[in-house]
Each structure stands twice: as C-alpha cells, then as structure tokens.
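Okay, so here's just one chain, in structure tokens, the form predicted alone.
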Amino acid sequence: MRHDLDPPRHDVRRLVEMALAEDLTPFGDLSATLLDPAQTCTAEFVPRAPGVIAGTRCVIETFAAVDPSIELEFAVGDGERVEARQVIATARGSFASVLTAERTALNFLSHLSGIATNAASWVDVAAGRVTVWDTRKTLPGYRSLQKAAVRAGGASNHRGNLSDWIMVKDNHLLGTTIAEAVAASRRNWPGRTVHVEADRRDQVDEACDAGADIILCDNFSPAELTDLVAHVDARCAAEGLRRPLLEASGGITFDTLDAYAGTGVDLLSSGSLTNAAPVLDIGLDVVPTA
C-alpha cells in the first residue's frame, strides 16, 4: 500500500463524519430498522467500468464509523487500475450496517476514483513528455482528498493552498510589477517557490530576468509555446540565467493535451482534472448469508 497516495487522516474522518451526519440525522437509518439485527451478509464492491481506484481510506473510515465489527478487505489499493466487474473489496458483517454505510462509502469511492481515472487518462496521453498537475479548482473542503486522487491517477499536485508558495497572477500585477513582486517574495519569504503568470513574451522575459522559479504561460497556443520554449532556452543559456520551469495553462482540454505535451514545456495544468471528472460507476453487490 502506497501511503504517499493517502489524504490526511483528519480530513478523511471529518468528511466521513459530515457525510454520515447528513445521511443519519436525526433518527438514523429507518429502513435498516426493518431488518433482523442478527442477519449478516457479504457485499462486494464492483466497478461497472475500468478505471483507477482512489478513496479506499474513506470507505474504511465509513464502515468503521457505522459498525466497527464489519470486516472489510480490499483486493486493490489506491492508484491501481481495475477492470469492469473486478471485485475490488469485500465487506462481511451485519446486513443492516452494510446497507447503512453503502451510499456514503460508494459516494466517496466513485467520486475519487473518477478523478484518479481522469488524471490517469491525461498522464497516458502526456506519455512522460510533460508533468501533468492539478489546480485549486476543487470542491470546498475536499481539496486534500481530490488532490490525493490526482496522485493516485499518476499526475502531480500544484500548490495545495495560498500558503504553499507565492504565485503572482495577472490581477496581482495590477498593483505591482513582476520584478518588484519577485524581489519582495525573495525578501519576505526566502526559500518559497515563486511562480509568475505571464500571457506575453515580454512578461516571460521579465520573469526570467527577475529569477522566478516557475513561469505559467497562460493561453499560448501550442505553436506559440514551442517557439517560446526555444526562446527561453536560448536566452537563459546566452545570458547565464537560471532557466525557470515553464508551465502551460489556460483552456487546455483533453483533446488539445497531446499538442501541448509536445511543446517542450515542463508542466501542464488543467482544472478539469478535478472539476470535470466523471464518477467511476462502482456498485455494491450484496448477498445475505445468515
């Protein structure tokens, strides 16, 4: 099991607690009270389509919160690719408890596995030519889980929040210059990554001169980016400048990914890794056993 793919445990517990409260307040699972409390079952988690799994920690936490006596065994872990109809986990225990936990567990597992599956499709097309990473376009409160799902899909994480590093975007430049912003960042937050957005070549040059660590090249076409990468490489070599990482961003879709991945940039970001990922359809097939 790869622990680098796990979201923070406190976030998992908090979100599972909220989800169960949403489902069980104020009187609990009324339908489950109709069942014999001694009745047991075996339940299998089965994807209806191929994909990449993420969110297993949420499933574990959900069943533990509903009924710690339920035995839950995963055949795969986060980051593993699965086929349709492949059994990915089995739960054994109280029939009523399994049904109470079912929807909450599946909501987390299907949503996060959908993000992992979507991210994996981007990584497959990029084919090692560029690092694909996400953005902060995540559901409020769910960022650490969604970013863990991105990692499960083989992609990388952009900054997690506004405190991770300095990112000077176009709106910041309404009140300062690139050179001033980079200098102030080095002075006030030494050791932090300084990331500058540029939508013109002259801004890219200014960011290189200022010593930015990463330059986000916003809304350039693939042809423009190919030319820009060659320009930055040549200029940095000729003038002895440290060559910053170059990131492509802005309106990049799955359909245009291949063209952008071949431009020579180091990084490629898209909010659609998280905010446009369809769920992976996963069902729970339940069989009463006693």
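Model, not experiment: these values are computed from the prediction. Position 1 is the first residue in the sequence shown; the rest follow in order.
Quick note: we don't show the form predicted together with another copy of the chain, though the next part is all about it.
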Next item on the list: Can you check 215-223, 93-101, 122-130, 78-86 and let me know which stretch has heavy atoms within 4.5 Å of another copy of the chain in the predicted bound form?
Entry: 93-101
Check: in the predicted bound form, does S185 have a heavy atom within 4.5 Å of another copy of the chain?
Finding: yes
Check: With the cut-off set at 4.5 Å between non-hydrogen atoms, does P37 touch another copy of the chain in the predicted bound form?
Finding: yes
Margin query: At 4.5 Å between heavy atoms, is T256 in contact with another copy of the chain in the predicted bound form?
Written below: no
Check: Could you tell me if V232 has a non-hydrogen atom within 4.5 Å of another copy of the chain in the predicted bound form?
Finding: no
Next item on the list: Can you tell me which bits of 183-210 touch another copy of the chain in the predicted bound form, meaning any heavy atom within 4.5 Å?
Entry: A184, S185, R187, N188, W189, P190, G191, R192, T193
